[in-house]
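Taking the form predicted on its own, here's one chain by itself in structure tokens.
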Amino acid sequence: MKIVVCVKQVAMLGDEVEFTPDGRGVDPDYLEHALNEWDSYATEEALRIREAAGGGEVVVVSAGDEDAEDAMRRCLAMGADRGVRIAGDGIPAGDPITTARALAEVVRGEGADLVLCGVQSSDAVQGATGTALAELLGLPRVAVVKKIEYDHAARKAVVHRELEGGLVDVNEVETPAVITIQTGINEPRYATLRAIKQAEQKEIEVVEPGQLGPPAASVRRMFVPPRGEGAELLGDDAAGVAQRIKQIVEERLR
């Protein structure tokens, strides 16, 4: 069996921030990078499914520049078998649809039994890439999954989805399928020093993206919101609160 895990190296802001001269990005000197938290859980779940099946292959795929390989190597150190990086020069930052287009071509070529993604990334927090990827691949998709019971022989999986209010939705899905993984589904393993050194020596395949089409989104400007003069308490009368909100919105739209 083969499981593909789509991962991302995310940018984390520190206490201070400066923007690039064009105002469309954050100065790299003010950023730290790490494997997306949700993707670490997705990688761990893929490894556990492989182990329960008694064998198989876990392939991590990411779209980005060479720096993205640091996050991929963490997955390799955890136990993933291979890594494929899609050169990200032509993929606009903050564009989950174009990212999904780039991922789809590689994932399709792998012929995976399961495709796992994190529910969202901690930097963009859009939660759209996994859904778009499933649509492009023409595969069923289950989101915000907290438990997977996978039957490779039957080519089916029983998945437990997290809903609002602590509810759980249990579904049976035929595979191959795209499943987006929620944090807390497992406890991601720590890589040993030996595994980390071995991962550094593994070759990560680099491929160019195919035809991505026009960008679906682009960053126009980034800025720090201006500080206001404080909050306005609207009281506890529902009708009065609604009327005041209406007035505020109308004033801001003028």
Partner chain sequence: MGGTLVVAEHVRGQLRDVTKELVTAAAELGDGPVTIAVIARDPGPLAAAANVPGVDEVVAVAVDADGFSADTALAAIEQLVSEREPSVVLTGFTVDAMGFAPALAARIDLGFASDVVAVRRDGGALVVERDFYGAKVRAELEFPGHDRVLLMLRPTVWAPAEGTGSATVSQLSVASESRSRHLEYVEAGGEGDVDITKADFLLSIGRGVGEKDSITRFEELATAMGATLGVSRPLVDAGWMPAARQVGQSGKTVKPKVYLAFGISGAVQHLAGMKTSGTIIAVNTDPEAAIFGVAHYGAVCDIFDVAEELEKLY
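Residue numbers count along the first chain shown, from 1. All values reported here derive from a predicted model rather than from experimental measurement. Take the two forms, find the largest set of C-alpha atoms that superpose within 1.5 Å, and that set is the rigid core.
Note that the form predicted together with its partner chain isn't included here; everything after this is about it.
Residue contact check for G14: one or more of its heavy atoms lie within 4.5 Å of its partner chain in the model of the complex. Looking at Q243, you'd find a heavy atom of it within 4.5 angstroms of its partner chain in the model of the complex. In the model of the complex, at least one heavy atom of A143 sits within 4.5 Å of its partner chain. Although the partner is absent from this view, E66 stays clear of its partner chain in the model of the complex, with no non-hydrogen atom inside 4.5 angstroms. In short, of 67-75, 106-114, 80-88, 169-177 it is 169-177 that has heavy atoms within 4.5 Å of its partner chain in the model of the complex. Within 4.5 angstroms of its partner chain in the model of the complex, the stretch 142-164 places a non-hydrogen atom from each of A143, V144, K146, V158, R161, E162, L163, E164, taken in sequence order. Superposition on the rigid core between the shown form and the other one places the CA atom of D236 2 Å or more away from its counterpart. Comparing the forms between the shown form and the other one, the C-alpha position of M12 differs by less than 2 angstroms, with the core used for superposition.
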